[in-house]
Structures are given as C-alpha cells and as structure tokens.
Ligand SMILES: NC(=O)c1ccc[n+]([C@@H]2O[C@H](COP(=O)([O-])OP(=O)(O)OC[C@H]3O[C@@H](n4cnc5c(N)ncnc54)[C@H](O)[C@@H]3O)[C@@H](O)[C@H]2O)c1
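Before any questions on how it binds or moves, here is one chain, the form predicted alone, in structure tokens.
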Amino acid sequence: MKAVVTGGAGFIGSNLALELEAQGHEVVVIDNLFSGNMANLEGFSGDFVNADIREINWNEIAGDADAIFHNAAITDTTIPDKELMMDVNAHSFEKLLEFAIKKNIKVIYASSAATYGSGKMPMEESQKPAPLIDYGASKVEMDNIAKKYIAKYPDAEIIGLRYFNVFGPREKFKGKSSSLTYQWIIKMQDPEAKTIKMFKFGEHARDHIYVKDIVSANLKALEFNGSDIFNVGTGIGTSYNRILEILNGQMGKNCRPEYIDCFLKTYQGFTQADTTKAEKELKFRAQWNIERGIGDYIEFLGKEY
C-alpha cells in the first residue's frame, strides 16, 4: 500500500509515518516544517515533500496513493488569525477531498475534541458542537465538509478521528502547544524543581490519550470499510492533580502543585470521550492507560535526553 501522511514531520504524523513504514508500506510525508521537525523522522526512509498544504499539486504527489492520512493543520490554539486557521485547516481539506474522491483514495483525517467545547460529558459524536476557540471551529468546519462529501459520494471512504488530549513521543517541537505532561516531565528533570504550576485547584480533568493509541486508531480506520467520524480517547478523564501524582511516583520526585488563577477565558477544562461507537464500529479501544503511557513516555524522554 502507498500511504501519504500530511503533517508527517509533526507530532502525530511522524509517529504514524514511522509505524506505517515499519509495517512495510510505502510512505510519502508532506510537511512545511512550520510546527514539525525533520528530527521527528529519524530513521524514516520514504519520500519527503516540503510543501504548504494549501498549494499542493495533489495529483503529482499522491495520484497513485491508496490512502491519505491528513494531519496537517495549524494546531497552535493561540494564533489569532481566524481566517488563516480556516484556510489551512478547513479549506485545504476540501481541496484534498475533491482530489481523493476523483481518484478513489481513502482519506483518514484528524478532527478534535475541541469541537465539543464545554459540552456534556461523556462527549458523543452525535451531540451538537460547541467550540470555544477558532481551532475548534475550524475542526467543526472540517467535520461539516466531510459530512457533506460523505452524503454526496456514498462510495467514498472518508473517516474522521476526533483526537482527545494526546501526549507522547515527538511532541517537543510543538513548543507551548505541547502537552502539560511533556512540559512537566521536562521541568521535573531539574533537581531544583519543587513546584508545578496548574490552574486552581488541579481538578480540571481531560481524556489524556497516548500517541501510540492514536496510531492504532489510524490503522483501525485503514481497515474500516465506509465513512464516519469517531471519537479517539480512553473514555476516562484524568485530573491534573492525578497527572502530577503519577509523575512524582514514577520519577521519584516530590513536586507540589502551585495553584494559579485560570487566565484563559475559553479554557476547555474537561474532556471525556464516549468510546462506544469507536469500540463497536471501528474496533478501536485504547490500550495504554494513563499510568502505563506516562511510564513509557518517561522512558522515551530519558533516552532522548
């Protein structure tokens, strides 16, 4: 199989590209290295195309592809340019679908739990979207575009994966957008670190999913026949107090929480996926619980640094 991975030098895309290649597939990575880095692709032997997702000649790069895994996007939620966010994340996605449908190429794309905002939990795929930020709104628009094409082209294969709060190897180049789990591990490696800042009172709970499970969900989507949108989470919300407790235990530390006021007006404090549909139809269930995922991540970062 020939697979194209957009955003393939980024956090999730690089993990996916490396696993696809390890399984023997021919892989082409597309990335403009805005938030990705070639260091994420160490050991990758496939083709790399440095290109802006908005300006790609799809036929030239992916005309003979069997599947396109679309992870390219602006993921920095603090970028104030809503028009740019929509152009990169949503409008370029529609151009991709136009091409893929004509060529009968399967498309598996990254949506987000940000589409749910502060909606009811556990968050179900069928509930009304309520994004709090422009990034979430752009992902809602992507889902709406996907639904439009699914209805118009019933034989097409378009699968959306609503990633919840992903953490794991190869996210360091995301900078301030990297998970707090990553940022805290790095800080706690400092012997002088005594406290960890978190919003009062550490009770915000999110569905933290390890990146290896995200890769597994993409592979399940590759096997899936048809089109649909699925949550990709663990189904469990874990508080930041608990994250710090796990890190202290696994790193042999005793860092205390330093509670600060939440200064973000649109902070999505709670996420929890309803995983029923993904388990039943996609046959995906997360295999890495939070303790095991953090332990594996600490080991990876220990080797890296």
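All values derive from a computational prediction rather than experimental measurement. From 1 onward, residues are counted along the sequence shown.
One more form of this protein, predicted in complex with this ligand, exists but is not displayed; see below.
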Can you work out whether this ligand is within 4.5 angstroms of a heavy atom in all three of A205, G233 and T271 in the predicted bound form? no
Select from the listed residues Y210, W184, Y163, F93 the one whose heavy atoms reach within 4.5 Å of this ligand in the predicted bound form. Y163
Answer option from L20, I12, A286, I294, heavy atom within 4.5 Å of this ligand in the predicted bound form: I12
Counting any heavy atom within 4.5 Å as contact, can you tell me which stretch out of 221-229, 185-193, 164-172, 151-159 lines this ligand in the predicted bound form? 164-172
Can M86 be called a contact residue for this ligand in the predicted bound form at 4.5 Å between heavy atoms? no
With a 4.5 Å heavy atom cut-off, would you call E258 a contact of this ligand in the predicted bound form? no
Would R54 show up as a contact with this ligand in the predicted bound form if we use heavy atoms at 4.5 Å? yes
Report yes if any heavy atom of N32 sits within 4.5 Å of a heavy atom of this ligand in the predicted bound form; otherwise report no. yes
Where, within 94-117, is there a heavy atom within 4.5 Å of this ligand in the predicted bound form? Residue list please. A110, S111, S112
